[in-house]
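One chain is shown next in C-alpha cells, namely the form predicted alone.
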Amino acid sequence: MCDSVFVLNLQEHPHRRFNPLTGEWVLVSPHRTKRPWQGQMEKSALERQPEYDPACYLCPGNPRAGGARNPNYTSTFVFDNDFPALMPDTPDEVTEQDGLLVARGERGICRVVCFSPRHDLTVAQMSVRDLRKVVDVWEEQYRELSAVPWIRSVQIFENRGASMGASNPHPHCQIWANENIPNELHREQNSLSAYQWTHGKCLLCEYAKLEQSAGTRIVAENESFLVVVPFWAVWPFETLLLSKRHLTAMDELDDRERDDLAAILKQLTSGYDRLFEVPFPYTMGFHQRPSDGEPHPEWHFHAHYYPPLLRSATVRKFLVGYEMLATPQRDITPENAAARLREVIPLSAFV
C-alpha cells in the first residue's frame, strides 16, 4: 500500500476503472491530454524524413515539450516520459459507489526509448548491429523496472505511424511499468497457467511445434525465433513472434538470441514495408512474465504485431460494427496472409 493522506482525483490522477459487465479494468490517464501531438501533422509516409529535425522533441540536442533538453546522444537514449500515462506517486485510494462505480489509483513508471539519433530511420531501415543495441536497452529496462518492489508488469511497445497513435515519427518506443497486471497480460496469464496445469507443458512451445510442422503460416524464422501469422489472427496481417527456446522473459536471452531477435525484427518490418510499399504502420509489443518476483514457468517470451492495413496503403482495417459488438471477423485467412508476407520477407536481415 502507498502511504498517502490525499484523496484520488479522477480528473488528474491515473487510475483504473472497473467494468462490472466484463469484470475487467480500463486504465484512465486524464492528464495525458496535455501532451504534445505530432502524429497527424507529420509528412506523408511516402515522403522522406530529414536525418535531423530541429522541431522534433526526440532528436539529439533538442528541447522537449516538458522543458528538458536531450543530450547529443549518438546511439540509444532513454528518458522518463515528460507526459506519462502513469506516475509513481499516484495515491493508492479507492472510490466506490454500490459496487458499480469503482476506481482505484494506479501507480506506474513510463519511459521513452529512442532507437537512434537519426530522425529518418525505421526499424526496417536500421542496421542489425544498431538494433542489437536497442534489444540490450530493452533488456536493461525490463530488468531495472522489474526490480521496483511495487511493479507487477513491464510492457515494452512501439506504435509506428500516425494512424497507430505515434505522436512523433522519430524511431522510438515506450515502456509502461504498471503496479497491476494489465488486461491482455492477465488473460494470457490465465490461459498459460491453465494449459500448464492441464497438460504439464508450455502452451506456446507446443503451438510453435504445430506451426513448424504445418509450415503454412510461417512468415520468417532463424535459429532462435519463429514468426507466424497465428491460426487465430484477428488483424489481416497480424503476426506472432516466438522464441524457439523456452524463455519466460527477455532477461533470459543469451548473446546469440539477442542478435537473432534484432535480425528477425528487421526482416519482419522490412517485409511489411515491401508488401505495402510504404513505411508500414503497426503496433507491436513484447509479452513476458509478470514482474511479481515469481518464476512463472508457464510464461513464454513472445511479441505481437498488429497492423491496420488491409490490402493497400489506403485501405485500413479497424475493429468496428459486428467485430466491436460481437466477434472479430476477417476476410483474409491467416494462411493467405502468411503466404503474401513470405513472398516479400528478405531471406537475410542484411538485405
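On a predicted model such as this, the values are computed, not experimentally measured, just so you know. So that there is no doubt, residue numbering starts at 1 and follows the sequence shown.
We do not show the form predicted in complex with a small molecule, though everything after this point is about it.
Novice: Within 4.5 angstroms, counting heavy atoms, which one of the listed stretches 300-308, 318-326, 287-295, 58-66 is next to the small molecule in the predicted bound form?
Specialist: Heavy atoms within 4.5 Å of the small molecule in the predicted bound form occur in 58-66.
Novice: Going by a heavy atom distance of 4.5 Å, is Ala124 a contact of the small molecule in the predicted bound form?
Specialist: The answer is no: Ala124 has no heavy atom within 4.5 Å of the small molecule.
Novice: Though only this chain appears here, would His172 touch the small molecule in the predicted bound form if you measure heavy atom gaps against 4.5 Å?
Specialist: Although the small molecule is absent here, His172 would touch it in the predicted bound form, with heavy atoms inside 4.5 Å.
Novice: Test of understanding: in the predicted bound form, would Val148 fall inside 4.5 Å of the small molecule by heavy atoms?
Specialist: Answer no; every heavy atom of Val148 is more than 4.5 Å from the small molecule in the predicted bound form.
Novice: In the predicted bound form, does Val112 have a heavy atom within 4.5 Å of the small molecule?
Specialist: Heavy-atom contact with the small molecule at 4.5 Å: present for Val112.
Novice: Consider the chain as shown here, without its partner, and state which of Glu211, Glu238, Asp130, Asp82 has a heavy atom within 4.5 Å of the small molecule in the predicted bound form.
Specialist: So the residue touching the small molecule in the predicted bound form, by this definition, is Asp82.
Novice: Please pick, from Gln155, Ser270, Asn159, Ser163, the one residue with any non-hydrogen atom lying within 4.5 angstroms of the small molecule in the predicted bound form.
Specialist: Spelling it out, the residue with a heavy atom inside the cut-off is Asn159.
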